[in-house]
Structures are given as structure tokens and as C-alpha cells.
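First, one chain by itself in C-alpha cells, the form predicted on its own.
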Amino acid sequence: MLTVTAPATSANLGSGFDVFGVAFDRPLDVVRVERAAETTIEVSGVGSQYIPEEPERNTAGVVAAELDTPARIIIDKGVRPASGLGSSAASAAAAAVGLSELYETDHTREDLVRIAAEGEKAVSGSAHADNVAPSILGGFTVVRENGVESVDATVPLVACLPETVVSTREARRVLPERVDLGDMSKNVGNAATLTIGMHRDDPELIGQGMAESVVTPARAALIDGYEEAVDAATAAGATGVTVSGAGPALLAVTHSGDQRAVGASMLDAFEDQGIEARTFSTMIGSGAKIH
């Protein structure tokens, strides 16, 4: 039996809708795979009661079908479902890397990003690679129509997860159908700024580049206490705060040494609104690993 870990991720980063993503150094999904006549899924861990074990409805099961690699797949969830932290992508990423190794395929990691994205259809209804790309490749990733680019970065992050649920499908439904040309121009500039910041490991540039006025406000409206948490985090030293993926998690970029204060400020802000939340400090980390 082969064991693979794949990390939580954050997609979009504000200005990079469906394009940007980062891998965390924690939490992780742990996935074990072994050859079998047909694919079966077993799930345990955080939120496992909400995850289907039918292979055709599970991201890891869909990946096994795409690779034509039937297997017994055992998933220990470390990334909570419906969190905005790439839970379904972590399982898909770990399965893709593990099954490719188990069956000795000739797929590259970039190939596996596309295959793992097919697994995301089981959750969101369409193949999105913005979470599976960093979960497989690690670092900061940019998904393009015909490929994916990645770069290592060392930047302190704080994720805050309020105890509320925002489904990926609902977060898609609230998006505007049209975008103002001026908003698009500002967003291109912000996305470029963020990318330069990642190359320089510069939290100030990354925070500035996370600003976005189309997708973020629409999704933030689904998260009670969002504005208060953002204001508190910024006052505590965060250089930028945005919705992580589809939400409800928030992602804050900080300077080294400010993570604890930023996390505590967001917890207090949600508590003042009567909402329980938890935070964790992390760094931009590496992708899926075979153990």
C-alpha cells in the first residue's frame, strides 16, 4: 500500500479568479492506495461524514477512473470539506500522484494536474485546476488554458475558518455575468502585482495585488462577519485579506511575526458577531508527497 499526502490550498487569491493558487504547509489529507480489481473508497477524518464513498461521486474515485487504475483508496481527511481550502482537491491530488506511482504510469506532475481537475467535477460540476495545481506542484501556481506554471515562494499566511458553510456551487451562482472594463483593467494590474510579489517573497506587494472588486464582494456577501474580520486583520498587520477559494475561509498575508496577532484579531472579530471560528498559521508549502 502506497501513502501520499497532499496539502490544503487557497485558490483565486483575490485577483486571480480560477487562475492563481497556493499550497499550504498544513493541514494535509493522507491517502493510501493499493491495487484492486475495482475501485473502492473509504473516508475518515474531519468532515468525513459529508463525503460520498461512491467512486463516481468522490474526487479520488473519479481520478482513478480517469487514470484507469482501479484501487482501494483510503482517505484520512485533514482538510475540512466546504471550507474554501481545497478539501476535494487535496484528495484528488493525492490520489492522482499515488495511483500514477502505484501503476507506474508515465504521466508528469503537470499531466496529473489536468487529470485531478477532472475529479473536481464531482464537487463543483466542472473541471477546475486552481486548487489541484498547487496541491500537486506546491508553491504559487498559475493555471492557463494550455498548461500550468509554478514558482516556489516563502510567505507567511493565516487562514481563518468561520463555522459556516458555503457550497462551491452556491459561490459560483452568485458571480456576476458581466464585468466592467475598468474593473477588469484594475484586476489585471493587481494580478500582475501579486505575481511580482510572489517572485520577490514580498508580503506588501502580494497584499496589494490581492485587491479585487468583482468576485470577492459577491462571495464575501455569503460570509457573515467578513468585513469585520478583514478590518480587524488589517489593523493587526495583515498586508491583504480575501476570500479563500469559494469560502467561507479567509486568507490573510502577513509579515513574519505578525501571524499570531492577525489570527487572534480575526477570531475576536467573528466572536463579536456571534460566530465561532478557528485559525491556523502556515506558509506557502510544497505539493503532494509520496511516503
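Everything numeric here is computed off the predicted structure, so don't read it as measured data. Residue indices: 1-based, along the sequence shown.
One more form of this protein should be noted, the form predicted in complex with L-homoserine (HSE), which is absent from this view; the next part is about it.
Asks: Look at the stretches 33 to 41, 239 to 247, 50 to 58, 259 to 267 and give the one with heavy atoms within 4.5 Å of L-homoserine (HSE) in the model of the complex.
Replies: Of the options, only 239 to 247 has residues within 4.5 Å of the partner.
Asks: Evaluate Phe280 for contact with L-homoserine (HSE) in the model of the complex, applying a 4.5 angstroms cut-off between non-hydrogen atoms, and reply yes or no.
Replies: Outside the cut-off, so no.
Asks: Examine Val22 and determine whether its closest non-hydrogen atom to L-homoserine (HSE) in the model of the complex is within 4.5 angstroms.
Replies: No - in the model of the complex, heavy atoms of Val22 and L-homoserine (HSE) never come within 4.5 Å of each other.
Asks: Taking heavy atoms only, is Arg172 within 4.5 angstroms of L-homoserine (HSE) in the model of the complex?
Replies: Within the cut-off, so yes.
Asks: Would Ser135 count as touching L-homoserine (HSE) in the model of the complex under a 4.5 Å heavy atom rule?
Replies: Ser135 lies outside the contact set for L-homoserine (HSE).
Asks: Is any part of 49 to 67 within 4.5 angstroms of L-homoserine (HSE) in the model of the complex by a non-hydrogen atom, and which residues would that be?
Replies: If the 4.5 Å heavy-atom criterion is applied to L-homoserine (HSE) in the model of the complex, 49 to 67 yields nothing.
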